[in-house]
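Next comes just one chain, in structure tokens: the form predicted on its own.
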């Protein structure tokens, strides 16, 4: 069931139940062997933990698929490549998987900079690159009709997040006047530029705009300016360390509980809320997935992953598990591991993920929901899974 929130297609989908299965009856039996799936992720270096979760998620999906008979009788064989979180190593790992291991498909990387470097390599080789965890919009600006036909992404972008947060704030809360208090980084400034792009769609405006340096601790003068500006909400994209400080100082200047925070700066963590509960009340944040999301498929994944690895999954584990199942579904629908046929099947797919239906647009970007959180009575409340159409550059 789908509930329309506006004629622009902003919707909340009900949870979809059951693990994905793939049929073998219609698969082209003239082909045999395995499906070689390369996975590029940081297996070493400072982001190795992300890579470990990514690999575990993909391996668990492969185990489930193989245990159910594979894809048309074929078993998935995952071959890992270590990007070390750097573009140079990511390209080297991609080339090794293609040239030496002769993989059929690749999932990767966690880092947007690595994925951007991998794109031309996959394109030149004609190997499908399915991204599961990078959020830079440029990846799919350049994909599909943007040029790289072999790149697909099954993950929301930073632009998706900014749009969904803004649209929820406008349509569900009635906000049209905003103040900006965002981290002075590529991420923080880009999020605000994406927000500005969609302000006219909701007849909204930014009244004040300020950026803070990482490590900054005094926000009182900016918050006082916001207090007197007439803003209905503060758009904040930043780091978790700054949010409790901002919250406490919101209480000092008298705007806690009056002007809520929206955006993405870990508003929903227990530590942040405890630091300034009144200031965090009503804060709005979007996430790709959360372990607490109550769909049957999501809960089954969390339980199975925790039992398998004796550790709760994080977002990277989930998105790589889900993306491996998505790819398996596309191969099954193509009835072949022929890359062109699988690419065509992926473009047309309707896939039931743990947070809602996934389809792809003409830039090979997944139209998939994000989970909206709002702090209510001192606790994060999941408001549902929401999606919205982005406007690509001409």
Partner chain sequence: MFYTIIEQVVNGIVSGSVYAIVAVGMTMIFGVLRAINFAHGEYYMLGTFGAWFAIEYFDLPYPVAIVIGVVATAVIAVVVGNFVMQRIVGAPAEAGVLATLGVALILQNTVILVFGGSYKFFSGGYIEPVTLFGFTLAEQRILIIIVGLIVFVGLELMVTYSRMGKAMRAVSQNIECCAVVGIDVRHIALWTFILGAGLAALSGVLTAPVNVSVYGGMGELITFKTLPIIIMGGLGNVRGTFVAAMILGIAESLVATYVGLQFRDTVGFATLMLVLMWRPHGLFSAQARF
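Residue numbers count along the first chain shown, from 1. No experiment lies behind these values; they were computed from the predicted model shown. Under this definition, the rigid core comprises the largest set of C-alpha atoms superposing within 1.5 Å between the forms.
Below, we refer to the form predicted together with the partner chain, which is not included among the displayed structures.
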- Message: Quick check for you: of 305-313, 161-169, 117-125, 184-192, which stretch puts a non-hydrogen atom within 4.5 Å of the partner chain in the predicted bound form?
- Response: 184-192
- Item | Heavy atom within 4.5 Å of the partner chain in the predicted bound form - the one residue of 207, 79, 245, 91 that qualifies | 245
- Note on the structure: From 299, 75, 225, 197: within 4.5 Å of the partner chain in the predicted bound form by heavy atoms is 225
- Task: Verify the flagged residues 215, 221 and 271 against the partner chain in the predicted bound form: is each one within 4.5 Å by a non-hydrogen atom?
- Result: yes
- Message: Can you tell me whether residue 275 touches the partner chain? I mean in the predicted bound form, with a 4.5 angstroms heavy atom cut-off.
- Response: yes
- Do residue 232 and the partner chain share at least one heavy atom pair within 4.5 Å in the predicted bound form? no
- Query: Is there a heavy atom of residue 252 no more than 4.5 Å from a heavy atom of the partner chain in the predicted bound form?
  - Reply: yes
- Item | Touches the partner chain in the predicted bound form: residue 101 (any heavy atom, 4.5 Å) | no
- Would you say residue 141 moves between this form and the one not shown, meaning its CA shifts by 2 Å or more once the core is fitted? no
- Core-aligned, does residue 279 move its Cα 2 Å or more between this form and the one not shown? yes
- 2 Å or more on the CA of residue 77 between this form and the one not shown, with the rigid core superposed, yes or no? no
